[in-house]
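Take a look at this one chain, the form predicted on its own, written out in structure tokens.
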Amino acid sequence: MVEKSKKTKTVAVVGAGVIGAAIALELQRRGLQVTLIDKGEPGRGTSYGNMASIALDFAAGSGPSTWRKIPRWLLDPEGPVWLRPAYALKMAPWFLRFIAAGRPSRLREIEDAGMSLSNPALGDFRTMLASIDASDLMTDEGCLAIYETEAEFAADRGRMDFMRRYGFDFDVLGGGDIRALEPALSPSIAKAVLLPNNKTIRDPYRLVVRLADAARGLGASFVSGAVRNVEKSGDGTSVVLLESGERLTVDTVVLAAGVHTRYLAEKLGEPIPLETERGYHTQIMQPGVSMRYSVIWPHRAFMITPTAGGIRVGGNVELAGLDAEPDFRRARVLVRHAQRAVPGLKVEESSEWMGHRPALPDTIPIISPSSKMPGVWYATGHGHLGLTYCATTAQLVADMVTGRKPAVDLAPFRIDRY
């Protein structure tokens, strides 16, 4: 008697940013039949404009040091955090959870959880790039954290202590050593910290396209459309309902739609405190200078990165929700700061962009099965670290979906932790 072959398990991955595309590729590689769904083309959402940094030095966003800075930041029109007054009441519950996440005991738990993702992230990323023959998309250089004054450097002592505690490689540089590594930087920069393992991606949009194309090359399909809901059918499968009226029946659904995952989670009866931290960038194609290293200025909370064929200046956090119009004054403030750090920087052939980072108040993502609907999984809320964690998240989600034991304890990332 001939045994019937097992039916290939089908899975819909909702969201074609860097997280969703990486998950789609890994699931397809493991023998599942994947449909990747997004209302736009792969990589055209938030992943398009990120700062192209593999930032391994995770640090929890809350805590007493952050609390002390927030009032000053909010009152500074050129500060790193801007809360639109009309959105303040809507943000209040999120802020309360953010403050609660900064209790000393909780803060250490969050740091341990974040580091459990950061530790394998670079190795997983390199493996992912090699699997699609795209190792050239990652640079060899690291990142420089810069400080204009000794006081700025002293104020960031907690970050140094954190990196020592978790065994990060870093070197403290001064004066001529800084300019020897990155001649474009101003002589006014008093100190810098070299983070050799914080790599840069040459073009984050091209990375997502390569991941999605590789998944399709293995047999995955792509559906363009906005997802309205996910329902369970009588036979145990899941039905993905699109705004167009189309219905996709699959065995498994992975929700990786960034901040938009919040609305789908609400419909499944498990609301999550997922907010948008709006970030801005200016992409300069004729910058007048060349740079080898990405540069972060912690005091001003922004980055300067050689990527996408030019130099990208971006960062900051604007709290204004999904629907408010962009305020590109934020991007121009960052360019002025960047020109202080890199005096030769010109702004020619430039474009401005705004995107929505999916942020949870405890600053670590949700990587979890649904607590309400079997066969549904979440991968969202990666905040500023979606690019950093994409390959590791793909491995962990694929392990859960295929019944393998994940290499990381996923209890801290469960959806019902709130």
Ligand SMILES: Cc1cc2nc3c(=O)[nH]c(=O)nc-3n(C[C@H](O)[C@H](O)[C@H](O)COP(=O)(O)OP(=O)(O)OC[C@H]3O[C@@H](n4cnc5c(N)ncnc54)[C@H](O)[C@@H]3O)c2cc1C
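When you see a residue number, it is the position in the sequence shown, counting from 1. Note that this is a predicted model, so its numbers are computed, not measured.
Although it is not shown, the form predicted in complex with the ligand is what the next lines describe.
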| said: The chain here is shown without the ligand. Which stretch in 169-177, 144-152, 128-136, 252-260 comes within 4.5 angstroms of it in the predicted bound form, by heavy atom distance? | reply: 252-260
| remark: Note: exactly one of T392, T363, S368, S47 sits with a heavy atom within 4.5 Å of the ligand in the predicted bound form, namely S47
| Counting only non-hydrogen atoms and a 4.5 angstroms cut-off, does D57 reach the ligand in the predicted bound form? | no
| request: Give a yes/no on whether L25 approaches the ligand to within 4.5 Å in the predicted bound form, heavy atoms considered. | output: no
| said: Test of understanding: in the predicted bound form, would G40 fall inside 4.5 Å of the ligand by heavy atoms? | reply: yes
| query | Taking the shortest heavy atom distance, is L396 within 4.5 Å of the ligand in the predicted bound form? | reply | no
| query | Looking at the ligand in the predicted bound form, which residues in 211-231 have at least one heavy atom within 4.5 Å of it? | reply | G225, A226, V227
